[in-house]
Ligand code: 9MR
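One chain comes next, on its own, written out as structure tokens in the form predicted alone.
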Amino acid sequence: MPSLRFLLAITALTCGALASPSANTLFPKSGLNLAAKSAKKLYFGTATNSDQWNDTTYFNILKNNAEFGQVTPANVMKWFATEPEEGVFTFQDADIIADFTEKTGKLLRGHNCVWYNQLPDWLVNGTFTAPELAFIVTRHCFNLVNHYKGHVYSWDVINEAFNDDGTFRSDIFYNVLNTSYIPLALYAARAADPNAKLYINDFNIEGTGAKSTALKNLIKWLKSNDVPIDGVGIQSHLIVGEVPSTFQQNMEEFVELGVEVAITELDIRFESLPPTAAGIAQQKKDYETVIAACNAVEKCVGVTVWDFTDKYSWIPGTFPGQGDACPWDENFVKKPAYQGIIDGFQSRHQ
């Protein structure tokens, strides 16, 4: 026998009542993750910090699998949080997010293993020989990845290794170990979880250029030396009106090297506030352009925004006077950018 819900839905259709609020509640609404899955992507996701979860409105949107099928811990898997003392590992804060993804059926992205920033004092202020630091890098990557073995889809093993001109960033790892820290970290991560996808993640590699070329050359070197590497994370912290015209081409060039790609930290900010109506329209178009580029590249597996609401965006704290970069505003109202994402996933491949 047909259910009452089904009969009510048919009645609404027959009576042409779809425009009424009561009729709309009878039908499932779309969402960003549903749009991504419909486009045959693995997920649409967001970064998050669990200390924001006391905000009920925020948490209800986050846990909705129609909107988000993947989560990246914004801070609590970084080195300062997971190995605050040398050889002493603490995972309780990161476990909160990992447990949440298990309960809600979302994919978990590990972020990150080796990065020049947000390091503990003992590491920043330490004086280590090359063998000592090599051991420290190997131990950290293995223990971190192994703790979440079987729970993490992909890891940003190496984060932001390059300068914008394509040279390697000068930091504690490069200065002591040269580039050898990169294969060390990747080998350790593979040993810790053979099934997790291992990524190198960076910013300002959205279009072709010196930095993208340097990373492509590194991928080629890793591949030729049988160092495990599965993916490239294209962060995509962009400015309204400045999406590179070579975005899709650049992703295709990475994929041709035998890796998958993901857009890992997407937001598109205004350099001056408040935005104009024309600026808001441009932001919507820019989100659509970025998503459509991923949509057109089969091995662009998914997209993650670096939090979804302006209320918790990192941008104003880093770029004073800039912001409004997310698909939801600070009051959790969907902006035109939200529809731009939907439109991007629904775009036809070029």
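Please read all numbers here as calculations on a predicted model, not as lab measurements. Each residue number is its position in the shown sequence, starting from 1.
What comes next is about the form predicted together with the ligand, which is not displayed.
Only one segment in the set 253 to 261, 207 to 215, 130 to 138, 231 to 239 has residues whose heavy atoms sit within 4.5 Å of the ligand in the predicted bound form; it is 231 to 239. Among T101, N143, N75, Q248, the residue placing a heavy atom within 4.5 Å of the ligand in the predicted bound form is N75. In terms of contact with the ligand in the predicted bound form, the residue from T167, S180, T90, N117 that brings a heavy atom within 4.5 Å is N117. Mapping the unseen interface onto this chain, D171 falls outside it, with no heavy atom inside 4.5 Å of the ligand in the predicted bound form. Shown alone here, E83 lies farther than 4.5 Å from the ligand in the predicted bound form, counting heavy atoms only. Contact check for S154: every heavy atom lies farther than 4.5 Å from the ligand in the predicted bound form. For the chain shown alone, W306 is a contact residue for the ligand in the predicted bound form, at least one non-hydrogen atom being within 4.5 angstroms. Contacts with the ligand in the predicted bound form, taken as any heavy atom within 4.5 Å, map within 157 to 174 to N159, E160.
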